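What follows is a pair of forms of the same protein chain, given separately as structure tokens and numbered structure 1 and structure 2.
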Structure 1
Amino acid sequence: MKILVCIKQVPDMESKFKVDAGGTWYAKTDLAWRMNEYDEYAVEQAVQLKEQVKDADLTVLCIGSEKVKETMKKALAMGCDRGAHIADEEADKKEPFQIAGIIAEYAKEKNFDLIFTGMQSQDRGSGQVGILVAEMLGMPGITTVVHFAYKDGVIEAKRELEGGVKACVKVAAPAVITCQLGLNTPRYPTLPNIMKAKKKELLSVPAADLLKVESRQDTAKMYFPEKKGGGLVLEGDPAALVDQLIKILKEKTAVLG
């Protein structure tokens, strides 16, 4: 079985963001980077499937600068067999259709049985790439998966809907699965596996070799939303803050008796 898992490196969302000089994306300096949270579940599911079927080859793909290799090494340490790095210094300028185009171009004719992605990225958040890859490759795609089981070429998955309801679906491989938070418990790489990962294949291909589609949208501007305001911000010594808050709760609510 051949499995592909597509990941993205994103900033930690707790970071202090700044808009870059071009005014259309966030500045990439002074940020802590990590694997897109949704993709951690995708990697874990791909590794679990590989462990289940035993005879499997699992490739992790990531588009970005040299720096994304750090995140790819985490995926390799979690259990992916090889890395396909699509080298692109301007990956953040590419819109979902182009990103999907690059992945589909890489994956076509490689006969992957399963392709896993996160359901969306934490930064751009379009939620399009997985399904676009599926459409481009003519494969069925299932989004927002919170349960995944594979047996004899058939996938049984549960999609998460609003209000905690799940939709149960069945599909034959090959298929694309986009993973929602909570699908599994992503493992922490162990030290021996981190060491082993350093020896695994990690090849780079220039994005230009795989990009065959035109951009369909432009970012005109990136900016901070106006604070809706109104809310009171309390800062300072915790003990004093407690007294201030209790005073406010007594004045504005009836909850303290």
Structure 2
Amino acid sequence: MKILVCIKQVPDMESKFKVDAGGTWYAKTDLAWRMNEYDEYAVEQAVQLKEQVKDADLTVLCIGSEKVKETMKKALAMGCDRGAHIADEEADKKEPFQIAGIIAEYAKEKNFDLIFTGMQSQDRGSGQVGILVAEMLGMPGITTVVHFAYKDGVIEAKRELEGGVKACVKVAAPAVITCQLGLNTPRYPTLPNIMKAKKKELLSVPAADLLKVESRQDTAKMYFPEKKGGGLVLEGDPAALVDQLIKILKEKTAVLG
């Protein structure tokens, strides 16, 4: 069995974000970086499947600059066999269709039985890449998976829907799975596995060699929401508050106009 898991390096969400000079993305300076949280669940599920299936082979793929290799090393330490680094200094300028196109182009001749991705990235949050990869490769895709089981080439999964409802899905491999929070408990890499990860294969391929599709979206502008005025808390005797509230409504709003 051949398995591919796709990850993304994103800023720690506790970072102080600033809009970059171009006004279309966040500035990358003074940020701490980590693996996208949804992708951690994808890596864990892929590693669990590798441990379940004899002779399974697991590749982790990440698109980005040289610094994303540090995040890839975590996936290797968690149990992936090798890394495929798609070298791209301007990955953040590529929209989901292009990112999916790069992944699909990498995967199309490699006959992966299963491809795992996170449900969405924490920075862009489009939720499109995984299902676009499935469409481009002509494979079934199951999204927002919160339960996964595999036996004899068949996947049984539960998808999270609105209001806590779950949909049960059964599909034969090959397939693409996008992983939701809570699917599993991602493992912490042990020190011996961190040391082993340093010796695992981590090859780079230029993104230009794989990008065969044109952009379909453009980011026109990125900005922080405008700050709105704070609320007003009234305290005191209820009878007096009624008069005070009526006065405020007349002066500040058109409710009693």
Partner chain sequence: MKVLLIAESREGKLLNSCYELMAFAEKMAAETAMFLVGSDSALPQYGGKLYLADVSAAGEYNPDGHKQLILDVVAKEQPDMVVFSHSSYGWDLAPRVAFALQAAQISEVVDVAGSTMVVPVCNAKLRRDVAPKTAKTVVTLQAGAFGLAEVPSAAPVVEKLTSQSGGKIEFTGYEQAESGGVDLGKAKIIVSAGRGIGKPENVAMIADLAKALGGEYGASRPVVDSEWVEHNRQVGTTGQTVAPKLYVACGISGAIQHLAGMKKSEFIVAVNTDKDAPIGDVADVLVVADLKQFVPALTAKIQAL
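We call the rigid core whatever largest set of C-alpha positions still superposes within 1.5 Å between the two forms. Residue numbering: sequential along structure 1, first residue numbered 1. Note that the coordinates shown come from a computational prediction; the quantities given were computed from them, not determined experimentally.
Undergrad: Which of the two structures shown, 1 or 2, corresponds to the form predicted together with the partner chain?
TA: Pick structure 1; the other is not the form predicted together with the partner chain.
Undergrad: Does the C-alpha of residue 248 move 2 Å or more between structures 1 and 2 once the rigid core is lined up?
TA: Where the cores coincide, residue 248 still shows a C-alpha shift between structures 1 and 2 that is 2 Å or more.
Undergrad: When the two forms are laid on each other by their rigid core, does residue 12 show a Cα shift of 2 Å or more between structures 1 and 2?
TA: No.
Undergrad: Once both forms sit on the same core, give the Cα displacement of residue 236 between structures 1 and 2 in angstrom.
TA: Rounded to one decimal, the shift is 24.7 Å.
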